[in-house]
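Next up: just one chain, as structure tokens, the form predicted alone.
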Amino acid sequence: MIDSTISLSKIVKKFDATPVLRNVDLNIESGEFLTLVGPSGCGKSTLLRIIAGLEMQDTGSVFIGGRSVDHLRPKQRDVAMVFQSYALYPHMTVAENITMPLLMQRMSFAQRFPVMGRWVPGSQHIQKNIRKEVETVAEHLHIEKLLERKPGQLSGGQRQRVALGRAMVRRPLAFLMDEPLSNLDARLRVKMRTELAELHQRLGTTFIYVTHDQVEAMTMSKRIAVMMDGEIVQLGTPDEVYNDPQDIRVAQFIGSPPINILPGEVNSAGNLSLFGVECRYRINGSNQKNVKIGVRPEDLQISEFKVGLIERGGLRGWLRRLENLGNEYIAHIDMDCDDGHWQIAVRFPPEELNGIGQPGAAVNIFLNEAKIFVFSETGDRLSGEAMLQSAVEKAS
């Protein structure tokens, strides 16, 4: 089996005096689908270009298939880059665009020469084999009926498939994709996400995918590397990154609607409180007093306001806006406390809508302590555990 592992060791890159990548270490398994995800400017595209050889790192090493490729030019690294802009030749047909890498790879200059090249020994045999391979790739991507069209006659999704076909036909060790779906409309992006994931399963080749879209990262990847400020702050499966964020920046970036971040306090016994209401949650071995509590919208419960529920651990808020998404609702809640004004989001199913009321109505909010994350003021995750029944359980 061909070794297509990719390893990065202490990659550092600066543009002038501005650091872009800071000692990045990353190991990607052979045949893995890994996504680099993060906000614009975090260094993910630069890292991909360094793997491809389109940028050179200041220090550190890149290994592909177990060997250092720092000294190799891009075309010698046996990786295929798929760009956001497709980068197709507008004057060539689809077939010619897909064929081009193989012509450059397998035919001499004389064999590629217009008209006369076909009479150079061996050229017709090579071209026949190339045509078969292009047709096979086109069938894989369902563009076999488009081979005689030019890029200007294609939709965005069709052009993206052609760009993938041009990369596939080379049979590279790895595919490097730099936000390839960002130019497509929302509906087509959903379709292409599925097609890319299925393509990876069929090919079994290493995929490294760059995106700022967390949904793309969560739905396609085996693992996600979350990048912030030139560093990988967390590496793990989609479930691990979503359900066990180790940094407040990861918690805030992954998830839609975003996680709610609220002010908390820890007393001398390690017990946590939110807005002056004690939570059934204890922090382990920390001397932090002021902390930040993260709770995802689906881990809050909302109900019609009743004074008695405050005594049972409920919080009071006011409904600001209600979003109807069909299969679920998102309630946007205003909360006031001594520290100021806070806004939170609560996700809940339609069957829990009864009694919520109209915008401006008071509501009770309950926290599921078993699902909260507690972070220090610097953003590091703090260890803790829920105690006894959660407020949600006591309210039910």
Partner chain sequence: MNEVSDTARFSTMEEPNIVEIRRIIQKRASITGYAFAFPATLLLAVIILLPIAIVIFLSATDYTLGALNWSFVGLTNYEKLLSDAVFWRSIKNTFLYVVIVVPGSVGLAFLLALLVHERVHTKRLYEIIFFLPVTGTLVAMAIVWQFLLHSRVGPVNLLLLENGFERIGFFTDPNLAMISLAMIGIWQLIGFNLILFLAGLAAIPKDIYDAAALDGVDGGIDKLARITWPLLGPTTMFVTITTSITAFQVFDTVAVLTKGGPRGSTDVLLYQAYLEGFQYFEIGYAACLTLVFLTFILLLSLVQVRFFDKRVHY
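Residue numbers count along the first chain shown, from 1. Take the two forms, find the largest set of C-alpha atoms that superpose within 1.5 Å, and that set is the rigid core. Bear in mind the structure is a predicted one, so any value in this text is a computation, not a measurement.
Omitted from view is the form predicted in complex with its partner chain, to which the following refers.
Determine which one of 189-197, 205-213, 86-94, 239-247 lies within 4.5 Å of its partner chain in the predicted complex, judging by heavy atom distances; exactly one does. Looking at the other structure, the answer is 86-94.
With its partner chain left out of view, which of Arg321, Lys289, Lys222, Lys75 would have a heavy atom within 4.5 Å of it in the predicted complex? By the 4.5 Å criterion, the partner-contacting residue is Lys75.
Since exactly one of Ile259, Met81, Val134, Ile293 fits, which has a heavy atom within 4.5 Å of its partner chain in the predicted complex? Spelling it out, the residue with a heavy atom inside the cut-off is Met81.
Any chance Ala52 has a heavy atom within 4.5 Å of its partner chain in the predicted complex? Yes, contact at 4.5 Å.
Does its partner chain come within 4.5 Å of any heavy atom of Gly157 in the predicted complex? Answer no; every heavy atom of Gly157 is more than 4.5 Å from its partner chain in the predicted complex.
Using a 4.5 angstroms cut-off on non-hydrogen atoms, would Met100 count as touching its partner chain in the predicted complex? Met100: contacts its partner chain in the predicted complex.
Is the gap between Ile126 and its partner chain in the predicted complex 4.5 Å or less for some heavy atom pair? Because no heavy atom of Ile126 falls inside 4.5 Å of its partner chain in the predicted complex, the answer is no.
Residues in 165-181 with any heavy atom within 4.5 Å of its partner chain in the predicted complex: Those in contact are Arg166, Arg170.
Core aligned, does the CA of Asn267 move at least 2 Å between this form and the one not shown? Comparing forms between this form and the one not shown, the Asn267 CA shifts below 2 Å.
Does the distance between the two CA positions of Gln252 reach 2 Å or more between this form and the one not shown, the core being superposed? After core superposition, the C-alpha of Gln252 moves less than 2 Å between this form and the one not shown.
Determine whether the C-alpha of Leu154 shifts by 2 Å or more between this form and the one not shown once the rigid core is superposed. The answer is yes, as the C-alpha of Leu154 shifts between this form and the one not shown by 2 Å or more after core alignment.
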